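Only one chain is included here, represented as structure tokens and corresponding to the form predicted on its own.
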């Protein structure tokens, strides 16, 4: 007999709408015992079967749904089916946009909660963020080896969120050759170097691909400030768009060194690129006090908010940094500003920018809206999958 997680009466509604999470407050009791990450059945208060899910006893998200099909087992064949389904969309997208790298699996939106897989050339980079994903690691890896025999697999499950699920952080080769220190990938005609072993996330921010490309439309003969530049994707795109100068700012010298290499790799004019190791908040204030002006500013900060208790503080941070950017822009200048905080809604982010403009004493027009690239889809039953949002704003 399977282990069953029984829900409190009335708490089955979200599962009936096929939302993939069961929170601890919805649980009435467990029938039987399950190990961390093990597959269990979820039933309503009357015992009616609802879903098959991964159990996580120490997480607020007590269970993450693998399937709403009672006849589907969670095994190697399950992962092969899910991977094939995801690959069909990515293949079309890669052909359309000339990509050799993309997000292959975007967690819940691809029916694999807690699983992130990015493909960089012939390297698959794996991030297992939930207890269920970790428990299914052998089956998932076997499915990947079956479908992608030409690819090496590298593990980047070195993310703090694993601790919430009661797991250790892991990193290192899973199968195949080790990735090089810097792997060149292609994106919209740009060559970009990716640090799979030590870079942010899985090595690169694939989700900002469309926004990087859109930057080219705004920068011809313009002076550009690229804040939180990381390895310079926006800077390379700005140079390809014909900017007169781009100043990239980051706290990591290693990232700035790679950014410079990216400019050289694309045979772009290095004399138009400046790389500053500095704190963005401090530098913006210094620029303001010195009367510096720019025509385009890219503001792509790291996540400011991890949980609801941090949301108010994050709002203040986003407002301050956008206010400073607005003050530095020439009339008619463009602010391209982003938030990758999932708890920050698009409407709230737009309001923060509007408030920042009022505090800066400037008018702002919202002229274009951005979100994560199409290889980071958002399934309708899991709106939380939309985490990246951004605007191109014209500053009057």
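For clarity, every value in this text was computed on a predicted model and none was experimentally measured. Residue numbers count along the first chain shown, from 1.
Not on display, but discussed next: the form predicted together with S-adenosyl-L-homocysteine (SAH).
Contact with S-adenosyl-L-homocysteine (SAH) in the predicted complex holds for none of 2, 40 and 66, as no heavy atom of theirs lies within 4.5 Å. For S-adenosyl-L-homocysteine (SAH) in the predicted complex, the listed stretch (133-141, 246-254, 261-269, 69-77) containing residues with heavy atoms inside 4.5 Å is 246-254.
Of the candidates 100, 278, 292, 168, 278 is the one whose heavy atoms come within 4.5 Å of S-adenosyl-L-homocysteine (SAH) in the predicted complex; the others do not. Note on the partner interface in the predicted complex: the residue among 163, 200, 286, 96 having a heavy atom within 4.5 angstroms of S-adenosyl-L-homocysteine (SAH) is 200. Residue contact with S-adenosyl-L-homocysteine (SAH) in the predicted complex: residue 127 places no heavy atom within 4.5 Å of it.
Contact check for residue 302: a heavy atom falls within 4.5 Å of S-adenosyl-L-homocysteine (SAH) in the predicted complex. Residue 229 belongs to the set of residues with a heavy atom inside 4.5 Å of S-adenosyl-L-homocysteine (SAH) in the predicted complex. Using a 4.5 Å cutoff between non-hydrogen atoms, residue 213 does not count as a contact of S-adenosyl-L-homocysteine (SAH) in the predicted complex.
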